[in-house]
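First, one chain by itself in structure tokens, the form predicted alone.
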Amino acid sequence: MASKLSVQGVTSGYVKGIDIVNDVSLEIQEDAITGIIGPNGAGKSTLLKTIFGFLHPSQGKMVFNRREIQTLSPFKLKQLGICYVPQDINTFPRLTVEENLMLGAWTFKRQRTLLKQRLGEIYDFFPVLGAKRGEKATFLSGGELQMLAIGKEVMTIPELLLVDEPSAGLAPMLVSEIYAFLQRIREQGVTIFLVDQNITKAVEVSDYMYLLEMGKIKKQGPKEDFEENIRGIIKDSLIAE
């Protein structure tokens, strides 16, 4: 299986001289779901922000489709096919559901047939969004906003989707819907890099896993390695730094 993204010895943080992610190396395989877990403050979200260009590494490099990307802006990375769903809801409350989704399709906004097709696919999987397509996002529930945030980012069918804590604060039924949707878009050829505190669910859907602790990779392997000791992994992942 080919590598879609290679992170090589990356160190990054928010303040010069204070590293949150420290010499991290990992591989995101094409057409797979790769999960990364770890305790709060381990650097998981910081790593995603570094990959998407909100932060630039002080050391190391990142290679996407054989191209170095560590100096690129989020705008340029989006054009290359990388999309990012942050932990905080990334929607526009004063715009309608459909207007939010259409913003996600800015790269092909003039292709009406494709736009209609993609909207239909999102509404087919999330009927509640279809029923509320004309309502402003400010009136949606937390679960509906998460659906909309993910739907907006996959309108373009990205090559790589970065997802940060998609199940945070959601009821179990909604969590299952979100993960089912991620698996569905993976079947469309989207490579997914997933951060989640829901360890059991993350292990269930991922092909390969990383455990991050204090900014470093502590354990890695196929999902089977994590399933064998899921209780111990959960314990390690919930220990505060």
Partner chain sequence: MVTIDWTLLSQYIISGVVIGLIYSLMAMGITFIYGIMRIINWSMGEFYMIGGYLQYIIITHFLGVENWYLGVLLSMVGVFLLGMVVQGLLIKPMFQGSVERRTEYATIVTISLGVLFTNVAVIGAGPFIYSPPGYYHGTRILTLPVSGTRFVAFIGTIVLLSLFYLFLKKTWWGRAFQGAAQNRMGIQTAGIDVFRLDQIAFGIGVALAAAAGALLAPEFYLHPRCGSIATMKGFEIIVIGGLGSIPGVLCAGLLLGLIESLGAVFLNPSFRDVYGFLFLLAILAIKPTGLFEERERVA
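Numbering follows the first chain given and starts at 1. As the structure is a computational prediction, the values presented were derived from the model and not from experiment.
Separately, the form predicted in complex with its partner chain exists; it is not shown, and the next lines address it.
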item	value
Output flag, 75, 99 and 140 jointly within 4.5 Å of its partner chain in the predicted complex, heavy atom basis	yes
Position in contact with its partner chain when the complex is considered in the predicted complex, options 131, 171, 103, 114, heavy atoms within 4.5 Å	103
4.5 Å heavy atom contact, residue 92 to its partner chain in the predicted complex	yes
Exercise: residue 81 in contact with its partner chain in the predicted complex, heavy atom 4.5 Å	no
Interface membership of residue 150, its partner chain in the predicted complex, 4.5 Å heavy atom rule	no
Contact test in the predicted complex: residue 52 vs its partner chain, heavy atoms, 4.5 Å	yes
Those residues of 168 to 183 which, in the predicted complex, come within 4.5 Å of its partner chain by heavy atom	none
